[in-house]
Structure formats: C-alpha cells, structure tokens
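Form predicted on its own, single chain, as structure tokens, below.
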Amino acid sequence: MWGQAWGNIYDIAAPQGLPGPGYDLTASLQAKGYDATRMMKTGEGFYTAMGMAPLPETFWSRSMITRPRDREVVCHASAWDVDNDQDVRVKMCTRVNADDFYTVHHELGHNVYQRAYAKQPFLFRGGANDGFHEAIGDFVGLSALTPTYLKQIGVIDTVPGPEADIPYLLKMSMDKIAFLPFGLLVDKWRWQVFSGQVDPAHYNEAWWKLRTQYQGLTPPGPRPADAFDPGAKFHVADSTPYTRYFLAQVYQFQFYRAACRQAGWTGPLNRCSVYGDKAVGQKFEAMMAMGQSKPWPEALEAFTGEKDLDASAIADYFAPLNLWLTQQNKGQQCGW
C-alpha cells in the first residue's frame, strides 16, 4: 500500500519471451510441508551453518512466531533483545510464503547481531550505526533467496540455468531498487515537518510532492484536505527513523559482495550463496561483536575492507540486468 516495493506487480512487468525464474518459492515451501517453526528453524540454520551459536531455548518458548488466536496483535515483524544479554525474541505472524522466508532471515539477523555484541560494555551494545542493524539480516536474505541456497537446503530440486537470471534480477530490482527513493524520502519528509519547513496544513501535499519527485508516483485520485497519507506508514506513526533502511539497502550489498569475494565465488554475484562458509561467518561475527565500540567505518572495514558507503556493489549485483534493460529501452524516453 506504500508503493515502497514493487515486486507484487512483477507479473505485469515480466519480460516477454524469457522464461520465469524457474521455480515458485512460495509453492515449493508449501509443497515441502513448511510451517512457521520450520521457517524459523531454517533461518537459524543459515547462521549456525556459518559457525554462529544456535538460538537459546528461551527464544523458542518466548517468541511470537504465529498470529495468536485469542487476541489482536501488531503483526509487523520485529526482533527484540529483552535483557541486553541472551533473551532475544522475534515477534512475527509468520506465513509460509517467499516474502516471509526472506523476513525470517532478516529478523534473525537482528537477534544474531544482538547476541554478538552482548559482551560489550552496556553503552556499546548496539549496531555500528542504525543501517548496520537492518543490513545484517538483509545481507543474509540476499543469499537466502538465491536458487543456489534453496537447492542446498532442499527447497528446490534443481538450480535454473543462466536464462533465469534476468527474470530473477528484475523481480529483485522491483523490491530493492524501487525501495531506494522511498527509503530516502520518508525522513526527508520528517525533517521538513520537524524543522517547521512544512506546516500541518501542508503535511500531505509535501508528502506527495516528494513521492512524485523521487518515485514518480502520484495518488490514485484527488486527496481530501484533511488526508494524512504518511501516517499509514508504520514507521511514521511509530516515530521510527527511516534513513537506516536507505543505508541498509547499500550496506547489505557491500556485505554480500565482500562475503562472496572471501568465499572465492567467481560466478554471477546474484547466484552466490555463502551458506555453510565458516570462514566468512567468523569474520562477519567478529565485525558484529564490535557493536558500537568503534566508529562505523572501522566496523565496515573489518569485514569488507572498505571504509565508506559504496553503492557500486549494487551496480555489480544488477550488472546483467542493467545491460539487458539498456538494450530493451533503446530509443525509449525513460523517466517521468
């Protein structure tokens, strides 16, 4: 409803004349008998296969991983560190589908990070910056969606050939690339509000001005004078800063590229899975264990060898798609 990810309209944007990704992840998970617990156990398995400790027993007894039958809850997925030590939990109304398969790996990334820096002095128990905390699980999620990994854990039986790369990357870009302008504009709007640049009478107008400027989106029809569309976004209503998600969208690809290089991967970046690579896991956990004890550039360098935000990793990941789209759009007027 926010237009922050466009993967759900992939079916009307799918390239004509090309085969699909070669499998339906939702259908495969359901056919293999996955339930919420098995989804969560599979996510945990990714981290333990990289050498990290299993989740504590209290995680399984205290987390909410399915929608309760006896009360209303907020189902927006989130991960929690209750005691700044080992009492980590997830709150999620897990469904057996591709979206939640990714989300499980993402949310557990928060818990794995929290446990990694638990031995730091209290003031340093946190992500190197807010973007890091979101990017940890997203990096693992990038690996977890690859057909390479899905074959490794038996969710799919065969890895599709190279002809499936363009459909795979196009669908991924409709979530990842489409998110970048949205991730930027939410806090741009908030800053306009907090600074007084925009008064309450123009909150909604300012919101749609940014949506059109950065995303090329307009409302489906005229908006009433008292409309407050940004309030429909959880993070606006909850007053959760949003720049972390924009930064994480870059960091996750930096982490992913660095991990694949360390693993010696030489194929297309989008097919790389670091599942089971304990050497990569050891180096990754060492970065997480730093928490906030060092400036974030030093934490970034500890794992990637790079000291600054570098979006070239996104370009590397989507390079085959960019080449294909350049050919497809030849002679076309792109933009809005």
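Residues carry their position along the shown sequence, with the first being 1. Computed from a prediction, not measured in an experiment: that's the story for all the values here.
Below, we turn to the form predicted together with a small molecule, even though it does not appear here.
> Tell me, please, which stretch of 198-206, 140-148, 103-111, 154-162 lies within 4.5 angstroms of the small molecule in the predicted complex when heavy atoms are compared?
Correct option: 103-111.
> All three of 168, 322 and 324 touching the small molecule in the predicted complex at 4.5 Å, heavy atom to heavy atom?
The answer is no: none of the three residues contacts the partner (heavy atom, 4.5 Å cut-off).
> Which residue among 117, 179, 80, 189 has a heavy atom within 4.5 angstroms of the small molecule in the predicted complex?
Only one listed residue qualifies here, and that residue is 179.
> Given that the small molecule is left out here, which of 235, 211, 89, 95 has a heavy atom within 4.5 Å of it in the predicted complex?
None of the others qualify; the residue that does is 235.
> Check residue 76 for me: does it contact the small molecule in the predicted complex (non-hydrogen atoms, 4.5 angstroms)?
Because a heavy atom of residue 76 falls inside 4.5 Å of the small molecule in the predicted complex, the answer is yes.
> Could you confirm whether residue 242 comes within 4.5 Å of the small molecule in the predicted complex, counting heavy atoms only?
Yes, contact at 4.5 Å.
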